[in-house]
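For reference, the chain that follows is the form predicted alone, supplied as structure tokens.
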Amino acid sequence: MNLEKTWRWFGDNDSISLAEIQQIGIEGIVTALHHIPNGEVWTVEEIKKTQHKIEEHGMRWSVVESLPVHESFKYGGDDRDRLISNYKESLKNLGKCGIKTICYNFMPVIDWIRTELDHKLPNGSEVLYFNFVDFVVFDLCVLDRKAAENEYPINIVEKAKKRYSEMSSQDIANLVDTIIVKTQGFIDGITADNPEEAIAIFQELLAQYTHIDDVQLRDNLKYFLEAIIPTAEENGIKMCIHPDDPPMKVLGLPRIVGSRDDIKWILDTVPSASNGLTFCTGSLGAGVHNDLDGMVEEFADRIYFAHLRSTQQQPEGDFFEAEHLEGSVDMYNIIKNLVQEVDRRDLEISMPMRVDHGRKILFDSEGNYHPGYPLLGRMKAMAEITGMTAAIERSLQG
């Protein structure tokens, strides 16, 4: 199959084991060395420990997601050159171990954002949900960010103020827990015993970007790429930047990977085959401004990894995780373009793809899964994407 079936695994602390993943028919694992602090070197010894565990279960370590990009790279801290040196050493060590695809993001402070992690749909399944008004409540009323009132549509601000006035202290605590702790905790280690502590930690992180705008963040990304891409080239590594999720301005932070023009700038500014893209259809698909069909065609030769999921756009900027073959993403056309690109490249190993942000179905609500990564919902999605891919490949063979 032209698209390698991969699965995100969060290491030994993941409640889904490699033995269970192997039974699903997965070919490659997407993971990271989660136990190594951000900024430290990944040694060959530590890489091989995880690689051997994966290989013992008949799979390969296909993609690193992520080799973390330290915040210092993004805001241009005094220690970034030392940290970049460590990053390059980790790249060399991954190359020595034959791991050649690195997914990373350049989103300041916060990774993907949702306001609900278990929004129930009429059929009983539960999905990740982004409610724009609730998010403005968090930004304007909970964080009390003064500039926020002028950054959102007037009607949304009015609705947010009204909703905040009707929220209980528990409602507010739940919103803080969802956006800061549960979503970010397993990604960048933000933990807190109460909402006030979580907010204080978060505000300190936001303060690092007080004087950083889109232009400066672009300059810092260019600095990072110009420093590490030669090492990636020397070691046959493909760096694959992940789009912003959602692809919009949030919390007054600069965001530079949310549109076709953003991606073109990134790929053009360091025009190396090692400077590539993770094509995340869910992240990009949450933006009404994005033409995914056009983007997959334009950037096909620089796409080295795919996150295949669909989002359902709704009025006023809301969206939720749709069924993988439904929603606002034309998954058929996306997969067809990726399959044709892999055929064109004539690769020995197919392009890795993974399904993402599955719904909670059946017994998933009983499992201790990371937000967005249930077992059964992702299995269902993988079956759907695999079936569509097989049908497309067969049709293209004539």
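Note that residue numbering begins at 1 and tracks the sequence as displayed. Everything numeric in this text was worked out from a predicted model, so none of it was measured.
There is another form of the same protein, the form predicted together with a small molecule; it is not shown, and what comes next is about it.
Enquirer: Sort through Glu158, Asp111, Glu233, Asp214 and report the residue having a heavy atom within 4.5 Å of the small molecule in the model of the complex.
Expert: Of Glu158, Asp111, Glu233, Asp214, the residue with a heavy atom within 4.5 Å of the small molecule in the model of the complex is Asp111.
Enquirer: Consider the chain as shown here, without its partner, and state which of Ser259, Ser72, Ser125, Asn105 has a heavy atom within 4.5 Å of the small molecule in the model of the complex.
Expert: Looking at the other structure, the residue within range turns out to be Asn105.
Enquirer: If we take heavy atoms and a 4.5 Å cut-off, which stretch out of 37-45, 326-334, 50-58, 355-363 is in contact with the small molecule in the model of the complex?
Expert: Contact-bearing stretch, as computed: 355-363.
Enquirer: Given the small molecule in the model of the complex, answer whether the residues Ser66, His242 and Tyr373 all have a heavy atom inside 4.5 Å of it.
Expert: Contact check passed for all of Ser66, His242 and Tyr373.
Enquirer: Answer for His307 alone: is it within 4.5 Å of the small molecule in the model of the complex, judged on heavy atom distances?
Expert: Contact with the small molecule, yes.
Enquirer: Any chance Lys5 has a heavy atom within 4.5 Å of the small molecule in the model of the complex?
Expert: Contact with the small molecule, no.
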